[in-house]
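Single chain ahead, by itself, as structure tokens, in the form predicted alone.
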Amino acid sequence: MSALAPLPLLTALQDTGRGDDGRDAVRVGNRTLTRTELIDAATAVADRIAGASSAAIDATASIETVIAVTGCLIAGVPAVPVPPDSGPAERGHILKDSAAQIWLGSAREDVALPTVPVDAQARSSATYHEPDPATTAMIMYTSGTTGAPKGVVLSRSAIAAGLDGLAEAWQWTSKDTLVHGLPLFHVHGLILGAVGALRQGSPLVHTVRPTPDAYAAASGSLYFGVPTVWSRICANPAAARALASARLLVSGSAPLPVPLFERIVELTGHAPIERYGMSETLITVSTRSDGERRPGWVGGAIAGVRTRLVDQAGEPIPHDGETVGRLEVTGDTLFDGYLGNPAKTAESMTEDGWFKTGDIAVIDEHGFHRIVGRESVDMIKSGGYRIGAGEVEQALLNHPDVREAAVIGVPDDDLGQRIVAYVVGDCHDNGALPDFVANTLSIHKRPREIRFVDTLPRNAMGKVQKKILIDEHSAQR
């Protein structure tokens, strides 16, 4: 599915003429490595794992994880990042499913694989040839919200294509300093936030945790965050204003509420970049550094990617900015399939080679995308209408007393499904919020039930876990 990478995946590290320029290549917390130190430490890892079918990495927020991933990429050994907080069952599934032969990191009682500790002080001057661009770079495991996590096989060329497409859209160069504190076992934090920096040659500052004070102190030009991170930063106006000197603020992994978008602009002077993607496609859609940044919209397809909308019968839907359809993607960034699961891979693809994202969206006449949500939980069929949960959530978030909102559809004998909103905020009037939505949207889109909660269930990347809300609502009926 992937085209050949135009340059080695770790371009900046493999450019022998680049040399060290006095800057740290990587900083994680208070630990740093220059370009040469990173290459030599990662090559020492490569020496110990060369020839393995794959290597599992204890993907902690540490400089060892960056070294381990770099070592795998140098050796041409597929890297399998394992969330450090995964339970024994999930970790065991990932290790068995990936057939990893080595565990990179500290020894664990429940990991029987040969353990290779990662030593930031180790050095090797060995040289390795650049692997074939079509070979596997990483096996990323999905969140497993609809079953056991699936291994997403990503080639070197797919990763290179995705990073180059974003570099072009964001004008991302070695002159940037990238700052983030996101997990190093997801596409956002690891592939964009670590491999991306190594490909572009921009120093990486990983703050270990994405706290407002850490972001403010980092003095970067390019910042990555999820909506939860940006919300916490905006709750600390001094920290937010410290980011005014940055070049780009990027938000992803979950929808950025429009009021939060506007608050970021107010405090930092920057309209944030928003982008969309998933493990199977990498990042495929983004607003541009030199283009329009529209609240609630995630921009257009990056170079090398095409998108389309279809209805339930697979027929094309017009790109008119209003009609909701199933989003499908094709291009150079697509995965090579689900590991050991050809049936699931075939099920996820159309006959003409487009990936079915499972998301619903609208696209306008200029190619701008607005993601409505997951078809499985965010397309609500109520009273004969098809209603996007995201539209109702945005309407609720426009209420001054609502801080967070999640909308689901639950079975209803009369309507088919009725709209239920879970709300975090200071408004506790069950009648006020439905009326507020009805004054903004069509009356049939108003919530029929409001549930006030202290927090919404979220995963490590800040996405609301709506299946938990649906299951809880069903259990309480």
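Note that this is a predicted model, so its numbers are computed, not measured. Residue numbers here begin at 1 and follow the sequence given.
One more form of this protein, predicted together with a small molecule, exists but is not displayed; see below.
Proximity to the small molecule in the predicted bound form, taken as heavy atoms within 4.5 Å, picks out 268 to 276 from the listed stretches 306 to 314, 118 to 126, 268 to 276, 74 to 82. With a 4.5 Å cutoff on heavy atoms, Gly252 counts as touching the small molecule in the predicted bound form. The small molecule in the predicted bound form comes within 4.5 Å of no heavy atom belonging to Asp164. Although the partner is absent here, Arg403 is not a contact residue: none of its heavy atoms lies within 4.5 angstroms of the small molecule in the predicted bound form.
Not displayed here, the small molecule is approached by Val298 to within 4.5 Å at the level of heavy atoms in the predicted bound form. A heavy atom within 4.5 Å of the small molecule in the predicted bound form is found for one listed residue only; from Val392, Ala194, Ala246, Ile371, this is Ile371. Comment: the small molecule is not present in this chain, but in the predicted bound form one of Ser348, Thr142, Ser174, Gln101 has a heavy atom within 4.5 Å of it, namely Thr142. Compared with the form shown here, the C-alpha atoms of Ala313 and His444 sit at least 3 Å farther apart in the predicted bound form. Relative to this form, the distance between the C-alpha atoms of His319 and Lys445 is increased by at least 3 angstroms in the predicted bound form.
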